[in-house]
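So this first bit is one chain, no partners, the form predicted alone, shown in structure tokens.
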Amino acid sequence: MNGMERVMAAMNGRPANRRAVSLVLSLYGARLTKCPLKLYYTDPAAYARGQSAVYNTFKPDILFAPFALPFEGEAFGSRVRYFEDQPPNLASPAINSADEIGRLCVPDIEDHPKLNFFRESIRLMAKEHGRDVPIAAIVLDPIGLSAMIMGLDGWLNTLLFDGEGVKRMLNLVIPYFADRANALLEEGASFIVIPGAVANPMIVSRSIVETTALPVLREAYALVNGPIVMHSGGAPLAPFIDMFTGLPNVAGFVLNGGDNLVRARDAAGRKALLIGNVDGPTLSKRSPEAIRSECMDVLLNRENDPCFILGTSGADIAYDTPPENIHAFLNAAEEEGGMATF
């Protein structure tokens, strides 16, 4: 079986020759190809070469399109900072309050250079690997995108005190979100991964999630022409999965490191895909033996769960992570073997 077949088996609760493995190696391709990050995150061919190196080196069951969320804010006018060993980050937002929304210009997804970087990267990856492995595109939902454009403090202040400003912002970003997600699916992405930290009750109040975020996500997700996987975004997700299970097109969830797997499955229902939950950004600080042991504990916990993929939680696996630490995931999955118990 190849990665596409294993992931589809997990999504449909069917046996596979081994457990599917998802590793967030968007950044790591630059290390494998010794590509400077400014080039890696601006040249689609350089990014695609990095992901080919990821596939050829580790054979993960999912490849990731660029995990560079600040570029979505940059397309609206935010400023981005580049680094030598980590993904670009937001330097300053395009606006600071709802009073400035009128200054925003919605970028054209057909010809904006930052957005074309994502599209062309996916097109190249799909041409090379699309038959063998799913390609996951990372997209901010309208709530998270608003924070990337306005800054987290400005957006939270708007959510709390300016209902009219919230409406004006969302009227801009909901159609953009849908057009962008669907464009990436058309280029060859297999599904859309959406980091949802800003719509999480650990970040904003449960009341805001229930009264504002959920109606927005319900409207926006219904416009997406493919499956959605909600990502924890670094915040606990298991205690709140039940809030998101009924959203349109949501096929599964990437759990946070430390999320209780039993609780997550009980809340998500037996058919939802769950992915996790070994913390990815800290793999560089641990030994291959410790990583393998944790992976085996996770697999033992989920041994009777056909709709589970072993994977890293959180953001990118760090640039300085030794390759043998990453291989420990695949070794654990191979050691566990097939899923004949299903």
Partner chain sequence: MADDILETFFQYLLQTKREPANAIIDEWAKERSYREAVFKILEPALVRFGEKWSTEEDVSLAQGYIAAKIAEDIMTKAAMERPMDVEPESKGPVVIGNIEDDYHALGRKLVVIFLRSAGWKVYDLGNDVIAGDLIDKAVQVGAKVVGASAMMYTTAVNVKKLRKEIDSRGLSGRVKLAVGGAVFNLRPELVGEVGGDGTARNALAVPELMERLYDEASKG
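Positions refer to the first chain, counted from 1. These numbers come from a predicted model, not from an experiment.
Beyond the structure shown, there is the form predicted in complex with its partner chain, which is absent from this document and is the topic of what follows.
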**Asked** Does its partner chain come within 4.5 Å of any heavy atom of residue 270 in the model of the complex?
**Response** no
**Asked** Just to confirm, residue 282 within 4.5 Å of its partner chain in the model of the complex by heavy atoms?
**Response** yes
**Distance check, residue 86 to its partner chain in the model of the complex, heavy atom within 4.5 Å** = yes
**Request:** Give a yes or no for residue 263: in the model of the complex, does one of its heavy atoms lie within 4.5 Å of a heavy atom belonging to its partner chain?
**Result:** yes
**Fill in**
Answer key: of 152, 214, 251, 104, within 4.5 Å of its partner chain in the model of the complex (heavy atoms) is 152
**Prompt:** 204, 170, 109, 124: which sits within 4.5 Å of its partner chain in the model of the complex by any heavy atom?
**Reply:** 204
**Item:** Heavy atom of each of 81, 239 and 315 within 4.5 Å of its partner chain in the model of the complex
**Value:** yes
**Option from 56-64, 273-281, 302-310, 33-41 whose residues, in the model of the complex, bring a heavy atom within 4.5 Å of its partner chain** = 273-281
**Item:** Residues of stretch 127-161 in contact with its partner chain in the model of the complex (4.5 Å, non-hydrogen atom)
**Value:** 152, 153, 156, 157, 160, 161
